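Let's start with one chain on its own, the form predicted alone, as structure tokens.
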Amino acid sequence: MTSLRFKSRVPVFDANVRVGDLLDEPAPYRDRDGVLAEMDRHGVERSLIYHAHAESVSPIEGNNYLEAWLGDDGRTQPQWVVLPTKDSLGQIQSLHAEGRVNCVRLFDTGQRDLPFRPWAYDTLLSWLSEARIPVWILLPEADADALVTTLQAYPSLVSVLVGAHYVHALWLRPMLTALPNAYLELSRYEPICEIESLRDQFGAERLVYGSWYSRLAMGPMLFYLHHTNLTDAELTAICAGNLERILGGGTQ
């Protein structure tokens, strides 16, 4: 009988973990130890984490709350959330001056009725590009044309596109073709055989494992990746190596 227990057989660095409570939804674990226990259950060695409050209420306040979830062991690494405002960018620039920023996450570009266009985001995106800081951008609420057109205006900016679903399947190939410095995070991308197909067309180096825990469970996508026809080298790249390279300032 096949075991019902599963742990990754390759090193895992989760690219998309949410911690802390939403306004209307308590987190399954209320402290760092609980998140570490969930990581251990799946064989996840490290996670890139952002705070729920930064996603849903205030990036500045949420980034402050994130401090309590970090530790000296390197297992939880910070992803700061940013808006294209003077105060929000100033917070990120201060953290960067302290050597504490190796990526940021845009506050949902589909919220607040702020178009994702260079006239609204230029100061932020220009600084990120110059500082070689990669940016995570949510796909679920994104306008595909605005996303591609705007990112094309910053060709050296590395982006990670988060939360692609099967409803985005027609977007992804032209989007990844148009944006050679973009990577696809896989937490919600479940069409059968599509991981292998994207691997064949763009290479495993363009794909990044993330769970989007606690919005989603940590294990299912990781389990699925282990049951594709990815080689162990490709699986290692997708589960950790590609993210390490992105955070280290490298591209493809």
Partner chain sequence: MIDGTQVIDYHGHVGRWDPLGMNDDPKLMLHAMDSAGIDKSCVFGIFHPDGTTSNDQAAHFIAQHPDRFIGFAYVSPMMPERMIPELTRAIDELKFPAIKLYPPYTLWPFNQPQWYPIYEFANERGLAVLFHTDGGELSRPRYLSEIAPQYPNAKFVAGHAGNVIEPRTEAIAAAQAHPNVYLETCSTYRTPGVIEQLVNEAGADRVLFGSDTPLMDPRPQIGKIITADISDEAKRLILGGNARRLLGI
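The structure presented is a predicted model; accordingly, all values stated were derived computationally and were not measured. Numbering follows the first chain given and starts at 1.
The form predicted together with the partner chain exists for this protein as well; it is not shown, and the discussion that follows is about that form.
Using 4.5 Å between non-hydrogen atoms, is Y213 touching the partner chain in the predicted bound form?
It does: once the partner chain is placed as it appears in the predicted bound form, Y213 has a heavy atom within 4.5 Å of it.
My question is simply whether R41 lines the interface with the partner chain in the predicted bound form - judged by any non-hydrogen atom within 4.5 Å.
Although the partner chain is absent here, R41 would touch it in the predicted bound form, with heavy atoms inside 4.5 Å.
In the predicted bound form, is there a heavy atom of the partner chain that lies within 4.5 Å of any heavy atom of M221, even though the partner is absent here?
Contact with the partner chain, yes.
Though only this chain appears here, would R206 touch the partner chain in the predicted bound form if you measure heavy atom gaps against 4.5 Å?
Contact check for R206: no, nothing within 4.5 Å of the partner chain in the predicted bound form.
Segment assignment from 132 to 140, 100 to 108, 167 to 175, 67 to 75: heavy atom within 4.5 Å of the partner chain in the predicted bound form
Every other range fails; the passing one is 167 to 175.
Candidate spot P191, E196 and A217, all three touching the partner chain in the predicted bound form (heavy atom, 4.5 Å):
Verified in the predicted bound form; spot residues all in contact, yes.
Residues of stretch 223 to 238 in contact with the partner chain in the predicted bound form (4.5 Å, non-hydrogen atom)
Read in sequence order, the residues that approach the partner chain (within 4.5 Å, in the predicted bound form) are F223, Y224, H227, T228, N229.
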